[in-house]
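Okay, so here's just one chain, in structure tokens, the form predicted on its own.
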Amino acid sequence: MLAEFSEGLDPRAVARVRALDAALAVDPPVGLTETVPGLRSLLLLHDPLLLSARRLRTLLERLETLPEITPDAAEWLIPVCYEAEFAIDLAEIAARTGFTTAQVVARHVAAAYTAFAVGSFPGLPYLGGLDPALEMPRRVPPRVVVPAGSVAIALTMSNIYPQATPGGWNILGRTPVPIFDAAWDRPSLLSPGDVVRHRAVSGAEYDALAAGFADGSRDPRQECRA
């Protein structure tokens, strides 16, 4: 069953999706096997022999009339290197927006982002809150491979690529922080509703951080909590 809250991207819909997901987690009905929050909807997987569609719909309608639960949200400070080696599309973004590359970076760093959803690829966060002056269309055609850790923008959002995957977003820089690890208790560093800020780092600091995360001397779940 799919509970939809808007026809387009709407921060209020994102909040309602999270609230409903949190309400179901408090006292999940027998037969509800999984919930999958999206940008504007909540997918509910259920065993119809234990929980009929009619009963589930009635439950959802009742929960909608109750005061919303506001789930706790973590805050993160994610380092990003915006140097030319990693900022594949920065010069083009600057040319299209009329800013200098330094101004583009400053605007990207200044924003506070909210994870509207996490998914598509494992751990991929869709981060709302991009400065409207930096809104850019997706690239056509998309790249066959975008390096893991790439920080990119498209339309009204920013994101971070957890793995090397195809992608059509405009790449501003790269973070050394692993944001998905299947060995973690919670494989995704970020969860829907989390607040993300960035700080610009030099290439030397990027290398030092990357080495620490790779050898286990640094834990991103501790290192990057704001």
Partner chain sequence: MSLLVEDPGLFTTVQDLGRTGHQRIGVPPSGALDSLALRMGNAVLGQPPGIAALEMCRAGGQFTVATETMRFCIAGADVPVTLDGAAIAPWRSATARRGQSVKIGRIRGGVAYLCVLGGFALPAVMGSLSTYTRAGFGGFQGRRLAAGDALPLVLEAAPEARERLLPHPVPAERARPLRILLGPHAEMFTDAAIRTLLTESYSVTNNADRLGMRLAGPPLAHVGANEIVSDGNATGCLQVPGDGQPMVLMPDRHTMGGYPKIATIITADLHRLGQALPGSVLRFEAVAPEQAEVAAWLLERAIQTAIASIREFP
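On a predicted model such as this, the values are computed, not experimentally measured, just so you know. Numbering follows the first chain given and starts at 1.
One more form of this protein exists, namely the form predicted together with the partner chain; it is left out here, but the text below deals with it.
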Notebook entry, point to check: Mind checking whether each of E4, R138 and P192 has a heavy atom within 4.5 Å of the partner chain in the predicted bound form?
Noted result: yes
Notebook entry, point to check: Among 122-130, 145-153, 98-106, 81-89, which stretch has residues whose heavy atoms lie within 4.5 Å of the partner chain in the predicted bound form?
Noted result: 122-130
Note to self: Using a 4.5 angstroms cut-off on non-hydrogen atoms, would S52 count as touching the partner chain in the predicted bound form?
What the structure shows: yes
Note to self: So in the predicted bound form, is the partner chain close enough to T33 to count as touching (4.5 Å, heavy atoms)?
What the structure shows: yes
Margin query: Whether A115 contacts the partner chain in the predicted bound form should be assessed with a 4.5 Å heavy atom distance threshold; does it?
Written below: no
Item checked: Touches the partner chain in the predicted bound form: A182 (any heavy atom, 4.5 Å) -> yes
Next item on the list: Output the sequence-ordered list of residues from 21-54 with at least one heavy atom within 4.5 Å of the partner chain in the predicted bound form.
Entry: D21, T33, E34, T35, V36, P37, G38, L39, R40, S41, L43, L45, P48, L49, S52, A53, R54
